[in-house]
Structure formats: C-alpha cells, structure tokens
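Only one chain is included here, represented as structure tokens and corresponding to the form predicted alone.
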C-alpha cells in the first residue's frame, strides 16, 4: 500500500529540521509500527518556501514533486526546484499551444517506410505516420516530449486527429499520382479507442479521400488491450469488419497474456524494437524473436520488426522468417517530399516488371 505526503516548508518545519529525509523516515517508521499487518510505503514531495508564493501554490508544487517518485522504489523523496518549475511552465505552454499548433499546421507528419524483406530486392509495402512539431518559439520538439504529456491530460486526440487527416490526404495524393496505394499506419491511443465517434470518423476520412479501409492501417499498442479488454476487442472487431487492418504495436513489451492472444482481433504483430537492438549480440534476444515469429505463425499474421539498423540484424530477421522491417537501415522517418522519392523507386520497379 502506498501513501503520499506533500510538505511545503514553513517556519515550524524549518525549526524542526532541514533534513527532509529524516521527516520521511520518522513517518515511515511510525506507519510500520502500526499493528494492522498492512505494509504502507510513503513517498514525499517537498516545496521549499519561496517569497510571494501562496500556500496553495506551494502545496501544488509539493504534490508535483511527490508525483515524480510515483513507482520509484529506490527514491521516495523529491524536492521541488527551479528546473522542475521551468519544466512545469514549459509543459503548460505546450498544453496551451496544442490547438493552435493543429490549426496553424505547426505539426508535420513524417513517414517511415516498411519493407517486405522476403523478396529480393526488398520492396516498399507500407509506412508509419509519425508526428513532429515545429514550434514557432521552441523549434522542433521531440514527440517523446509532447506525446506522453498529451496522453496524460487527454489532449492526445488533437494530435491523433491531425495525423489521421493528414495521412489520409497524403495517401490519396500519392495514389492518384502513381496509380497504386502505399498504405500508412496511424496510431490509435487508448483515449481514441473508447471515443464513441471513432468508427464513424475513420469511415468519413476514408470516404472523403476516396480510399479503401485497407489503405489506412491502425496501430494499437499492446498495453491498450489491458484496459477493459472485452470492450476494446469489440471495438477493434467492428473496425476490422469495415476492412481496417489492425497492427498490434510494441508486441512483447510484457502487457498481454498468452492466453489472451487467440481472442485478439489483429492483422499484424509489430515487434517491440527492444528485441532488435541486441539481436546480433545476444542469442537469448534472438530466441525470443523466434518465439514471437512462432506465435505470429500460429495466429496466421505477419510480423513487423521496427528499429532495424544494420545488415546483420536484417539478415538474421530474414532467415528467421520475419516478413516486414522498418528502421534506419532503410530510412529514418522523413517528411512527405523525401518519402515520395521512395515511392518513385517502387513505381519504377513496377513499371519494369510490367515491361517484361
């Protein structure tokens, strides 16, 4: 059992001690002495006294610091400092700017290709849409900075909606120009999945851009299947009934149970990139990859390996029977004008095949 304790510094505590760890240790010892048989573990956030800051603001700062050690079993104490304050202000600025960023197209959709490696030479089969943010003041902001922030406060739907619309428009443009479709996968966050209009919104996007539902691939993270699994499975199955293809992202990251896999409505497994990073150095990692490929074969779905960076990794995956690969070996995520060069190469290959 966990309890949290927020401390904002005042004269009483300053006279008592300036050793916050001592306060926490004393409180922890008292809780452990309670004769209830329940283990209680404390975490504490501290806001040092600052002139001109109200008590309610100091409490909020202490609570923010306390939340920083949530799930940390090595350190139970954090003291609010200026760096934390600056990060809070920066995060709030991003939250305030997200709607404007979508309206002014500060967001940019990049594309990373996925290649079929069971043919020679490897062929472009699809792509993943990845968001970037060119902020007018902060410059390029890493998605690793703003995606978790928006996932935590419910604003991720603004980002996802932008990506869906832009990717659908771009797929249609390339389809018209080259005469074939390069499907693009877009992310469905947990918030999106349980949003009632989701099904109709996706169908409207496909219809508006004269696409088929197979042109827009939908990625759902493995962790999402643990949130009300029955309802999620029902929603995903409805989308598949319309012809959407579902890719389970980050498969193998440890969330889903094996006995659940047979009931999951999916069309592809996307292997967590952590398996790939050490595959050329660690036989255990490679054996895990083989097990995932065996699971996919049992389910009758292809495997997509992301994070492939060198020829050795590619060769091992190809020989093991992996179907699709994405990663820096082929291309980093690139803006649409650069990705179109890859489509042109695929178009030229198809033209040569038609001429034979």
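Note that the structure is predicted; figures quoted are calculated from it, not measured. Positions refer to the first chain, counted from 1.
There is also a form predicted in complex with a small molecule; it is not shown, and the following applies to it.
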Though only this chain appears here, would residue 328 touch the small molecule in the predicted complex if you measure heavy atom gaps against 4.5 Å? yes
Indicate whether residue 48 is a 4.5 Å heavy atom neighbour of the small molecule in the predicted complex. no
I'd like to check something about residue 247: if you look in the predicted complex, is any of its heavy atoms closer than or equal to 4.5 Å to a heavy atom of the small molecule? no
Indicate whether residue 333 is a 4.5 Å heavy atom neighbour of the small molecule in the predicted complex. yes
May I ask whether 130, 189 and 307 all come within 4.5 angstroms of the small molecule in the predicted complex, judged by heavy atoms? yes
Looking at 209-217, 269-277, 91-99, 118-126, which lies within 4.5 angstroms of the small molecule in the predicted complex, counting heavy atoms? 269-277
Looking at 166, 222, 160, 285 here, can you tell me which has any non-hydrogen atom within 4.5 angstroms of the small molecule in the predicted complex? 160
Of 106, 112, 170, 76, the only residue with a heavy atom within 4.5 Å of the small molecule in the predicted complex is 112
